[in-house]
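Form predicted on its own, single chain, as structure tokens, below.
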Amino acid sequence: MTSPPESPRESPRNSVHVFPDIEALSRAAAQHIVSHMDRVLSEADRYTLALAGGSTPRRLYELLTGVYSGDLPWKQVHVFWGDERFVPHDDPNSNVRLARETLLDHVDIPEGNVHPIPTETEPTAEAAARAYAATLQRAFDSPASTFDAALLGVGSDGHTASLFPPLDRTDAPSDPSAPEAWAKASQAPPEASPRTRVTCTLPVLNGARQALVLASGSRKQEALHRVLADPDPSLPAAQIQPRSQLSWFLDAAAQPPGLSAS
């Protein structure tokens, strides 16, 4: 797979969009992806998309197989994941399973264009992270220039992908060719299950051209206040800074008091 030329990093344009419910949020996010994909593919021969897990993107994925499926050139789309639980891909907790059941099994995407984190074939999360780092290195030239778009969520603790607070910048390798610069094993808080995860690193997520962060429900209000209204640098979600554009898609229940939409 050939990589597009690396784009210079700019200060990302930030926008916050608030919708009445998850249905409206998902439709707007789907329209955004379709439009962005069309623009990228007018100049390139592939579109790289990192998928998110959790419950929030489910309706978005369903829309991409239905209302918008005819608008998407799936043979030119390469799908990756921002993170994965260390479980087999058929486990109910698997992000790959969610994406296959709601999206990938219903569209005409070549299997060679699907790049899951190999949690069911590697013996440990650390080995899966090294294997996924190799996949990413074959697809992209540098952690600083990766996906065309990354779909992300935000947890009630301010985590994103499987990067959990407090954000630790001390373990970031200085060598961008090191596997740890691309993907790593992580541990979710004790109350989360399953705890063991594999995640793209913050530089890889920030290497995306665009990031779309989806958040739904009142449980996200406090974290979103600490991310958007009064940024707390210890929260990974507050450190998402893609190359070009950062778009927040919130439903009304998740909107922190006093935070206005763009």
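Start at 1 and count along the sequence shown; that's the residue number. In this text, all values refer to a predicted model and were calculated from it rather than measured experimentally.
In what follows, reference is made to the form predicted in complex with a small molecule, a form of this protein that is not presented.
Taking R219, R27, R195, R39 one by one, only a single residue has any non-hydrogen atom within 4.5 Å of the small molecule in the model of the complex, and it is R219. With the partner omitted from this view, the residue of A161, A183, I117, A150 that lies near the small molecule in the model of the complex is A161 [heavy atom within 4.5 Å]. The small molecule is not shown here, but in the model of the complex it comes within 4.5 Å of a heavy atom of N95. Not displayed here, the small molecule is kept clear of T48 by more than 4.5 Å at the level of heavy atoms in the model of the complex. In the model of the complex, the small molecule lies farther than 4.5 Å from every heavy atom of P231. Heavy atoms of T201 never reach within 4.5 Å of the small molecule in the model of the complex, leaving it off the interface.
Figure note: of the listed segments 72-80, 100-108, 150-158, 125-133, the one touching the small molecule in the model of the complex, with heavy atoms no more than 4.5 Å away, is 150-158.
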